[in-house]
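Below sits a lone chain in structure tokens, taken as the form predicted alone.
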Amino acid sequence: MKSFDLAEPATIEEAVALLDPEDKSVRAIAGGTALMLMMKTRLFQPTRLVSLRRLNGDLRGLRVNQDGGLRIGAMTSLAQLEYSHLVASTYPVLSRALGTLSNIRIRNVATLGGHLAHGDPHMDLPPILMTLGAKVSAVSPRGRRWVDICDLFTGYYETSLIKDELITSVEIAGQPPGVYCWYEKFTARSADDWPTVGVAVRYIVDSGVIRDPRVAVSAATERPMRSAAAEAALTNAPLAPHVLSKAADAAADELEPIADLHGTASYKREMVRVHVRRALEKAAQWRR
């Protein structure tokens, strides 16, 4: 590993000032669980790392929004989210998913902001946050902007963040009473491994029909994304087995899976079909 400079700013303003939008070898580091592995294997060789560990205030902790949703600081660890009573009572779908997200050693160190900024398509939380209507706050020397979570991921390990932007918080919208949510994680190995396919669903049943359905898929594709075809098949349709199967078929036909060590593209397409249907079925059994 080559030598590099390590900066430890005390404020967010100092942190973004140390980043360089023109130099890809300058990078912010939060928990460092993914970045350190990339450095050890020489996939990434920094000239300067900007550590965020001294930053406090709005970058840490959870707060309830006026709409009943949550604002979560970007430096909040995944373990803090896992054990948060606020998360468990407001978004139990997140609490359930966090229990099999890597292992507790990683969750104790990894942060929510780093989890999202890394842009890894195999992450568990992005598809869930997509269905919950989350957005991220990004700060740079030019000020703050809000990015819809569906617009954050642009490609394989790519995000819409500019090189001198930092995620400071994640805001999740409040959910109406009786909403159905589920995250279905399929792994080819152990339960806490990277998912081969991750599927998050969220919908409301009103007067016997499905309203405002959201279906998001990750791991099988080059970036986490919602399935417009599956959502169209569900909208204003009855909560019936044939409708859920039709939506699963629509998602499998619409998405373009990629092959990797977890399976071929054709195999992943079938896994999308199976697990979209399972997620929709299980959501009906578990409200919120």
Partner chain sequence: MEQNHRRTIRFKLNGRTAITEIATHETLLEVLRRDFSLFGGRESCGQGLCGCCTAIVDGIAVSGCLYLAAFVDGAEVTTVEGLASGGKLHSIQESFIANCGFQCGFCTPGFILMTKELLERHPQPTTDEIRHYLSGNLCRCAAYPDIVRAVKAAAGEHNR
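Residue numbers count along the first chain shown, from 1. Keep in mind the model is a prediction, meaning the values are calculated, not measured.
Same protein, other form: the form predicted together with the partner chain, not shown, and the subject of what follows.
This chain appears without its partner; in the predicted complex, the one residue of Ile162, Val209, Ala173, Ile104 with a heavy atom within 4.5 Å of the partner chain is Ile104. Taking a 4.5 Å heavy atom cutoff to the partner chain in the predicted complex, the contact residue among Gly155, Gly99, Pro92, Pro141 is Gly99. Relative to the partner chain in the predicted complex, residues Asp67, His118 and Val147 are all farther than 4.5 Å at every heavy atom. Proximity of Ala30 to the partner chain in the predicted complex: non-hydrogen atoms within 4.5 Å are present. Residue contact with the partner chain in the predicted complex: His242 places no heavy atom within 4.5 Å of it. Contact check for Ala79: a non-hydrogen atom falls within 4.5 Å of the partner chain in the predicted complex.
Using a 4.5 angstroms limit between non-hydrogen atoms, Phe4 touches the partner chain in the predicted complex.
Segments offered: 162-170, 79-87, 126-134, 176-184. Contacting the partner chain in the predicted complex at heavy atom distances within 4.5 Å is 79-87. In sequence order, Ser51, Arg53, Arg54 are the residues of 48-71 having a heavy atom within 4.5 Å of the partner chain in the predicted complex; the partner itself is omitted from this view.
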